[in-house]
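So this one's two forms of a single chain, laid out as structure tokens and tagged structure 1 and structure 2.
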Structure 1
């Protein structure tokens, strides 16, 4: 069970990212205590968490103001995460102990291949792919030998699309047979990059591991840019919708946005 302050931070975080507060709107302990029917102590602790995440800032007087992320902020953060994952792949390929975790990477790759070959793109299948994709990327971050790489990734993981191993889907595309076929082909290409990264790490080739991981990380941004060509301007809610996995917990601890949209 999560603590009250952690749950409260998740609720406020969700409200900020979903635009329930205006940018630079003032927040106070008293206001939030009344709104969420809790004492000021968990509110104070929750606000400190959100301040560390950069979602709120201290005002010159008392209290805080909302510092909601913009689409530009998130795209920049995705680029940063891509560089960090590239560094992790390079470091892992140079690590003498890398062979101890290679089986974990292989299992994730094989399972994604199996799911792709089944050919289903329903919510259950996509969640399983998400889980294996996350396992692949987390194994590299945790096995690279530099704890600050994973730590830095974790500091931005609360933002939409910034959860390690997040994947992008669009239900409109998945509503047609052609769209499903194209999505499966895209996933197959992504897993092919996993295989190249695996081989580079296994053979101790840091240049190739880093380069392919960088290219692999950029595919998410490229996929998002496709949607920027639509008539309407891309919004934070769009980014949450295109993310196959949510980083915004619900009040009960479930993930209400983890279904593709």
Structure 2
């Protein structure tokens, strides 16, 4: 069990993402400590944490207010994350110590291939793919030789869809046969890019490693753009992020998906 403030921050964070608060709604320490039945001390710590993440803002004299991220914000953040990953790929391709972790990359690639061949797109399969995808990306971030790249990525990964290696789908698309087929193609394309990245890093080709990793990230950015264009009214709540961390289900209403422990 985490400490109360961390737990509380996670709760408020997911409330913000799920749109439980109005955009720009004011938050007060007293009110939050009341509704969550805790004292104001952990509330304050949680609010500071969220302020640091940019999810809420603190006006000079008077309280906090929600600063709910939009799809555009997510798009921008994903672009930044992708750019950082391309740096990691480049650095790793020139790192002498990379050979120790290349097998980890290979395992992730093979495992994703296997899951794609099974062809299921249910929750369990997506979770397994996500885990392997995350492993692939984390291995590169941690194996690139510059610890600060991974550190920076972790600092901006407070939203589930920004977690390193998170894969994004939206519920609406996954509910149709055609949508599932398209999503499977996306995964195939993504994993083939993984293979090229692997080769480039293996052979020590920094330009190619960086370029393909950039393209890999662009694939996701483009996907979000398509999602965004489909309907202006769609919010990030509809953009499911399959990732290691997870949005805490609201107490009322049905949980959109299970919490990962």
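C-alpha atoms forming the largest set that superposes within 1.5 Å between two forms make up the rigid core. Residue numbers count along the first chain shown, from 1. Only a predicted model underlies this, so the values are computations on that prediction, with no experimental measurement involved.
Panel number for the form predicted together with another copy of the chain: That would be structure 2.
Rigid-core-fitted C-alpha displacement of residue 177 between structures 1 and 2 (angstrom): Core-aligned C-alpha shift comes out at 5.1 Å.
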